[in-house]
Every structure is written in structure tokens, then in C-alpha cells.
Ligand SMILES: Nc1ncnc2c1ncn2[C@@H]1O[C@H](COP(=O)(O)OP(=O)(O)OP(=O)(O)O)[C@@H](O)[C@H]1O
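The chain that follows stands alone, in the form predicted alone, written as C-alpha cells.
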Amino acid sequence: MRLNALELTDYRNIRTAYFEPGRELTVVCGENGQGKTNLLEAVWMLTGSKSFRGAKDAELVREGAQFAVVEGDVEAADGESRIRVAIASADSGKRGRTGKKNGVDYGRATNLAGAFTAVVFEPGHLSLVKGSPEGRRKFIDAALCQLYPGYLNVLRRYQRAMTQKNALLKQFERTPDARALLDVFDASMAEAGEEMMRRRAAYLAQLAPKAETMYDEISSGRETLHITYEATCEAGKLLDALHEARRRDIAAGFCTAGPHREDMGMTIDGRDAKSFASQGQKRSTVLSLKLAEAAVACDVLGEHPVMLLDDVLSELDEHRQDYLLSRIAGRQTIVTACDPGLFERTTGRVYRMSSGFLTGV
């Protein structure tokens, strides 16, 4: 997978920009707040996903503009294509992101999933170890949405049924036939949820050994990382688990069981990483996870995804920097950095971003 060129119009603080990354390493440097991450985020939008910074769609449109447009020429094993993502402002009268591929209207940008694949690593991902289970679930689900476009529809079906069930639980005593309705929502959640659990388990079965091996290499064999899938129940037993949780759900006023409560367990030398990992161990774990994510994508898709690294080298010591740079060698990687001197040991194309203006160096 490769990005050959990117054109931006009215994206965040970038009025217009043309970006032509190198075939391997490309560095975008500049001071904080100039638009480096905005450019990297725009590349990510070609995947059809939401902002990796959690921004609302309307926040991606430059102030005063009606739409932001991201267009990319991408190259994959099956040929070249042009992807276009348009994002509407809050006052445009339209909503959200829409996508086109080679001029064909795909409707929602999420329908572009699979046309362009990338793996992003940004400082916020360091919370994957000690942050909430929600962040780890999102990490798994985001990867699955790129690898298996149908997974997004499964995820949406589950979330829609859960939303309806939660609304019912909040007014359970005032709703006629409430228990019969709960049966309907539980059946819908179980159908979609079993597929979610199957996909998550299979994905972690691929990811875990790769991440564990990479951690072993980073730590020079001094420490051992172990990753597990903490499922809500055994496969095929989700409907039973939802029924068993009914009394608890009614008392709480929301769903207390299901894939939305799952987690990814991590231990280092047998100790819970969430509770005991040091800053260095945390950085090594997340670096291993992101590199393993890219490796699994390569196994599934038959080609390596584009790597997007947002100012992460400043978070890593020299040993981890060297390891990361060795693992991305020969693959297209776009990196942002305040200090381009971090890349003196490498060769690559360099751009500078200043006040939303992109220039070659």
C-alpha cells in the first residue's frame, strides 16, 4: 500500500496543500501548532475512518469554509485509484463525511474501508496500557474495520441494539411488555455480539504472538509480555450471559454484560501491566502493539499498510527509536517531528509545515 500524492482543501488550518511523500520515509517537521498532525490526520481520513484524535467531523473543516476535501492517489496490489473524502461543516446544511473512489460515489466515507489502509501511532496511544478498557476495545475494533469492512456493520448493529436496550432499561417500569422487548434486544445483541467476539478473538490470536516477540526484542529478552483476550463469556454463550445479567441490568438502568464490556489483558513478567508497568515498559508495549498491528495487516491484506507516526520518537529513548526505525525500513512511513535532527541517521524526503503552509525542504 502506498500514498503517491495528497491534495487538501480547507482542512483544519490548511487552506490548500499538495503533498507528495517519498516511497519510504517522509518527515514533516515544524513547531507545535503549525499543522503537522493535521496533515497526518488528513492522510488517515483516506481510510474512511474518523479522526484518530477523536474530533467531530465538523471540527475538521477550516473556519469559514463549507467543506473540507481530502483527495489522495493511492497504489495497492490491485492497481492505482483516487480516493476523495468530503467533510461538511456544521452550518453547511449537510452532515458528516462522504467518499468517492475513482469518481464512484460510495456514500458514507466509512464505505471506503479497505481501499486504503494505514496504521497510526501517536502519543495518545500510550494510554493503551494504563487507560480505560474502552481505548483497548477501540484499538481492536479500528483495526478490524480496516481489515474486514463488513465488521463495521456488525459493530453498528450491536451498538444500535444496545442503545435501544439502554433506553428501555431507563424507563423499564413504565414500559408495557418491557420484558418481551428485552428479549428482542438481547437476541439482536447476541447475534451481532457473537460475530464481534469471534473476530476479536481471531485478531488477538494473530496480534498477540507478534507483539510479544517484538517486546522480547525491544527488551533484549529481559522481560516477557503476555496478551490475552478477556471475553465477556465463552463463544456461543452470549445470549445466556445477557439473560443472566437481566436483573442486574434492570437495577443499574443499562447493559452490564456484552462485548462492550470486554478488555485486552496485558502482563509483563506475570504482573498486570495496567497496574505495574513503568513508563519505559508502557512505551515498549505500545510500540510492540502498533508494529504488530501493521504486521497483521500485512498478513491479511498481502501488502504493508502506510505507517503514520505523529511525534512519537520524542517519546522514545534512543534504543526504542532505533528499533522502530529498523522495523519501518523499506516501507512507506510518514513521520511528524518538531526536531528533524531525530532523522539524521536516516534518508528520506523532508517537508516543513508552518501556519498551515506546507513546503519542501
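Worth saying up front: this structure is predicted, and the values here are computed from it rather than measured. Just count from 1 along the sequence shown to find any residue number.
Separately, the form predicted in complex with the named molecule exists; it is not shown, and the next lines address it.
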item: Heavy atom distance at most 4.5 Å to the named molecule in the predicted bound form, all of 48, 66 and 85; value: no
item: The single option of 33, 330, 54, 302 touching the named molecule in the predicted bound form, heavy atom within 4.5 Å; value: 33
item: Residue 338: touches the named molecule in the predicted bound form, heavy atom cutoff 4.5 angstroms; value: yes
item: The named molecule contact in the predicted bound form: residue 320, any heavy atom under 4.5 Å; value: no
item: Partner contact for residue 61 in the predicted bound form: the named molecule, 4.5 angstroms, heavy atom; value: yes
item: Distance check, residue 13 to the named molecule in the predicted bound form, heavy atom within 4.5 Å; value: yes
item: Relative Cα spacing, residue 57 and residue 152, in the predicted bound form - shift of 3 Å or more; value: farther
item: Inter-Cα distance between residue 57 and residue 149 in the predicted bound form, nearer or further [3 Å or more]; value: farther
